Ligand SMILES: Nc1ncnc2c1ncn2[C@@H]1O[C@H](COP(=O)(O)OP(=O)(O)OP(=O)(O)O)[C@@H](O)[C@H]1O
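Consider the single chain below, provided in structure tokens and representing the form predicted alone.
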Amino acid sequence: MGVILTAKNLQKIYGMGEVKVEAVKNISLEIEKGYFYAIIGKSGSGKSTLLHLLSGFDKPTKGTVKIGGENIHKMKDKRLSAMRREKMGFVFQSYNLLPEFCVEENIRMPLYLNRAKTDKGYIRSLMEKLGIYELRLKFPSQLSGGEQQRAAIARALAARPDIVFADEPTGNLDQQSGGDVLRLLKMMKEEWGQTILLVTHDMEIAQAADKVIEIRDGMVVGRGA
């Protein structure tokens, strides 16, 4: 299907002198379109830092990240923000839903920000497939953790992004809700063709992915299918 994201010689250093920490050490990756990737590693291994570099939320000390052939870290902030809204979706451990808006308004938010036309049929289908259509008029405070995460996944998919970044999306959920979220992420890939990059320390979750990238001490120490 082709390569959607390329990272070359990525390095991230925090601090200076004796307090300097090299969180990511010379990582190069090629992410192929239409696959579900799990980036695994223990706490402090550098996996979340790597995800933040790949998604443009953090800038590398050295190295490049290209999405669709464009170097995202050389873009001006306005262009990078537009690219995030148009081509990327994000699912976080903390959901990050806006409390003053109902579920459906939260889901449509990327479209409002993009001034994009809303495909009502697609949004409804998204909510139905994620099992939250009946909750569409409720507010985040009225939802369980699993329901909030489903709404966050729907929001990540609202603009039909090419690539979805997920940072420990099951970390705050019980086992059943976590399993539901994992099945939904797999469905995203299969039904809508998204490329998924998911960070986790849970090997059971990693086993559901098409490809696994193992990070230890800021370096890639294993790759598997």
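Heads up: residue numbers just count along the shown sequence, starting at 1. This structure is a prediction, so every number in the text was calculated from the model and none was measured. In this text, the rigid core denotes the largest set of C-alpha atoms whose superposition between the two forms falls within 1.5 Å.
Keep in mind that the form predicted together with the named molecule is not shown, yet the notes after this line are about it.
**Q** Choose one stretch from 43-51, 26-34, 180-188, 155-163: the one whose residues place a heavy atom within 4.5 angstroms of the named molecule in the model of the complex.
**A** Heavy-atom contact with the partner occurs in 43-51.
**Q** So, a 4.5 angstroms cut-off on heavy atom distances: do all three of 14, 93 and 201 pass it with respect to the named molecule in the model of the complex?
**A** Yes: each residue has a heavy atom within 4.5 Å of the partner.
**Q** Does residue 21 reach the named molecule in the model of the complex if we count a contact as any heavy atom within 4.5 Å?
**A** Because a heavy atom of residue 21 falls inside 4.5 Å of the named molecule in the model of the complex, the answer is yes.
**Q** Superposing on the rigid core, does the Cα of residue 93 end up 2 Å or more away between this form and the one not shown?
**A** Shift of 2 Å or more: yes.
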